[in-house]
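A lone chain, given as structure tokens: the form predicted alone.
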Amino acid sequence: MAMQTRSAKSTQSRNSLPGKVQTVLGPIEPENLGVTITHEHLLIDLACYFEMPEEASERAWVDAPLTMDRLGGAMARWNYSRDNHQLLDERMAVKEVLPFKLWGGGSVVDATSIGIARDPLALQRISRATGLNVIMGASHYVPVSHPPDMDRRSEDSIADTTIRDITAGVGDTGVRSGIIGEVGNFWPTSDNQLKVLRASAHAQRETGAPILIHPGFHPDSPPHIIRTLDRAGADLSRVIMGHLDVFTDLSWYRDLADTGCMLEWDGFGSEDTALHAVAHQSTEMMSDVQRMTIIQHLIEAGFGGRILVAHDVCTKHQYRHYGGKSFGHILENIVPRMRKRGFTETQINAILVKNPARVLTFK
């Protein structure tokens, strides 16, 4: 009887979702999203990236709390500053995300997926406390966060878990995911990553949910991921390619845009030149000026309907409490600069409102 009830609820949920956006508090109309940032982490634990340094003096950073006097060295020690990797305090999350609401924000995609401490009930509480719509992620993060038995898990079982998270809810919480992702990848792409990508495409076909990708930080990774998803039957117009802040070739961007996927610059506010690699994946983080310049070029090339933006807040040093720019930066600082650079109100509205609403709406 319990199995029949769950199945009935899943079918009802699936049938009711086309044309809606699924938040942690239930489905809403797309026009109720408002200004939306499409890649954030209200709560997260990035312990999967931890690596113990060899040097005794560097080990002093491992368990030291992040303080203002340590900010200058935190990014160079990104992989072993444990405190910096943990956003676990709900009240602090509410305090940090409220400026986004006060500057006119309406919705946040929380891209925390399996392996980095996804917390459905806490996301509900944060949504109620702030009045923001929160869209929760599904599927698996990067390989270093995969469960120990990932090699033995089948593509079908991964897809089934993702589908259940969307149609019935995560575990026994009843809180449903509204996006498949962030689906984590390194380069080169491993068999398990391919398995998760194909499972994500399957789950998209079954549920109508969008897909959010964390690519490997190599120019060959995003095109390879797009080809894999395409062969698996994904709707590429509803695939968000995140973390594009580490690539700089304009012709490469145009080629990626030609595939039909959504393009996401989610590192706004992060310009620290000390970060050179994440889990041995080399990265060159661009500045906000470079982000705006590339976005402007792509708008002029006709791709304004594909662009999304966010901050990817996932570490303490990004919080205002620790001197960072946090969740309100785009609305407070970037949008005024866009206007001065010649972005029109129509273009800004597309990036912040129309594009997110279109891609987050279930089909």
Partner chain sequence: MAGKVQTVLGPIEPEQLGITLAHEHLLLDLSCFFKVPEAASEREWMEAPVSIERRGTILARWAYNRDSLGLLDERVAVEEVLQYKYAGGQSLVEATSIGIARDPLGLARISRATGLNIVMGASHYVPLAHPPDMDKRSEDSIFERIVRDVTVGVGDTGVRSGIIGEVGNLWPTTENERKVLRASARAQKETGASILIHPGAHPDSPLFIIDELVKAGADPQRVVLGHLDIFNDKAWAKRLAKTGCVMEWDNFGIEDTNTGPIAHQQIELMSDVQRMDMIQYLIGQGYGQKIVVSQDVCFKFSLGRYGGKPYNHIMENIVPRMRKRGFTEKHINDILVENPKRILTFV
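Residue numbers count along the first chain shown, from 1. Keep in mind it's a predicted model, so treat the numbers as computed, not measured.
The same protein also has a form predicted together with the partner chain, omitted here; what follows describes it.
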Query raised in the report: Gly34, Gly323, Gly305, Gly26: which sits within 4.5 Å of the partner chain in the predicted complex by any heavy atom?
Result: Gly323
Requested in this report: May I ask you to choose, among Asp160, Glu206, Asp235, Glu284, the residue with a heavy atom within 4.5 Å of the partner chain in the predicted complex?
Outcome: Glu284
Query - is_contact(Ser190, the partner chain) in the predicted complex, heavy atom dist at most 4.5 Å - result: no
Requested in this report: Would you please decide whether Gln290 lies within 4.5 angstroms of the partner chain in the predicted complex, comparing each non-hydrogen atom pair?
Outcome: yes
Query raised in the report: Is Thr67 close enough to the partner chain in the predicted complex to count, meaning some heavy atom within 4.5 Å?
Result: yes
Requested in this report: Report whether the minimum heavy atom distance between Arg125 and the partner chain in the predicted complex is within 4.5 Å.
Outcome: no
Report summary line: With a 4.5 Å heavy atom cut-off to the partner chain in the predicted complex, the contacting stretch among 323-331, 26-34, 45-53, 305-313 is 323-331
Query raised in the report: What residues in 270-286 sit within 4.5 Å of the partner chain in the predicted complex, counting heavy atoms only?
Result: Glu271, Asp272, Thr273, Ala274, His276, Glu284
